[in-house]
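Only one chain comes next, encoded as structure tokens, the form predicted alone.
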């Protein structure tokens, strides 16, 4: 593994968005009802161990993964199972729990010092229902407990609009991050901490526990997949595990207290000037208690790599950002006559390309779909140096073997290639769908 302390990348995205949430962090009470939503757990095939009307306590197992039967997801609060929500083909989508704070949480053994071996650490994480927060490259799936990671990447910053900033809550979680890193050291000797070079965070306290790398580029270059691409010197690192700093906090607090840690830090953006901020919330909270439904599209996760929220307003497992995006489609009058100084544009078609105005988050395409024009814009922003336009041809031809040789598995699914495409081709979605299909074939 390469050992640079700083990665500077010249191929940048360089687009600024309106509506960044304030750094103020507010604490929200537990909502009367919470939901354990599986929207962010696409690789899990759930098998329930509870039923409607059952009483559950904080930290109790709710379901496990049939393809990975040691991996359970636990209840973030105590209460009664109010409703089981199913989707197409009876696929479990959400478990709604009516909260009851009078019920004590499930008590685990307190671990005031890190376990002495990888097997003990894995056992502790599995027993406490924390394993589902892991992800593994290249398919971004939950790793198998019996495997050993070649490296673990910890993302200290996700500068995608508009994720929580660690600097906004660092005094509250610094000690937990330190404790979490010590626990990860028992799993793997190669720990890589990736931070945004533009965020003011002192990383000296963690440099003796992990390889600390600052990335001086845009958000898509700070992802675990992009970091591994620029650091790896062996193909074995293509299967690295990764997590974010919030997972370290959850591990440290659960081990130290013996109680399942059910708090997370999230951001709300695009809702209103008064509500857009950082929040400390209970996992699975009902967002309608703080942000009632409005006539905008809600996105779980990042604007580029997030998922469209359906009817449910329960915060899905592992989601730390909620954004509302304008859905108004506007048509400009004779746009070819406008210089477009205030019009955001990645291409040089408008003056806004040079003046860099702030971009309002919107679903408006500003044009229609057309065939690839081989402009090369997607290549200039790819964080792992792919040629998406060439990769698209292989995907459309269903030539998966050639697509893999073109770097399909290196794709970080950041979504930036889709954003800059003047032909409005949803490149990232097609690459993601191909990777998902390949994963299902390999693990059938």
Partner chain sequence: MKFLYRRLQALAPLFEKGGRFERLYPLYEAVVTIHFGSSDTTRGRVQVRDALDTKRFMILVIIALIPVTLFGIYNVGYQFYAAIGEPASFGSMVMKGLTVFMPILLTSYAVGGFWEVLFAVVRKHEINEGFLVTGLLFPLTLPPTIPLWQVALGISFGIVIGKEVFGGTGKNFLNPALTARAFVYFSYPAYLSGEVWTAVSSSASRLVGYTSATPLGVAAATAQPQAVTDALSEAGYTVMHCMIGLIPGSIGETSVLLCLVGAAILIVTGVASWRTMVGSVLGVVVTATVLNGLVSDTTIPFLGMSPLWHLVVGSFAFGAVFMATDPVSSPDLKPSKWVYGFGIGVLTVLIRVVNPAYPEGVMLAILLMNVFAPLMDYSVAEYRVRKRIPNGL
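Numbering follows the first chain given and starts at 1. Quick caveat, the model's predicted, so the values are computed rather than measured.
The same protein also has a form predicted in complex with the partner chain, omitted here; what follows describes it.
Contact with the partner chain, judged by heavy atoms within 4.5 Å in the model of the complex, is confined among 94 to 102, 243 to 251, 77 to 85, 358 to 366 to 358 to 366. Note on the partner interface in the model of the complex: the residue among 303, 132, 268, 212 having a heavy atom within 4.5 angstroms of the partner chain is 303. This chain appears without its partner; in the model of the complex, the one residue of 119, 339, 295, 107 with a heavy atom within 4.5 Å of the partner chain is 339. Each of 299, 308 and 404 places at least one heavy atom within 4.5 Å of the partner chain in the model of the complex.
Residue 395 falls outside the set of residues with a heavy atom inside 4.5 Å of the partner chain in the model of the complex. The partner chain is not drawn, but in the model of the complex it has no heavy atom within 4.5 Å of residue 56. Residue 144 falls outside the set of residues with a heavy atom inside 4.5 Å of the partner chain in the model of the complex. Remark: residue 172 does not count among the residues lining the partner chain in the model of the complex, judged by a heavy atom distance of 4.5 Å or less. Residues are counted as partner-facing when one of their heavy atoms sits within 4.5 Å of the partner chain in the model of the complex; in 228 to 249 these are 229, 232, 233, 234, 235, 238, 239, in sequence order.
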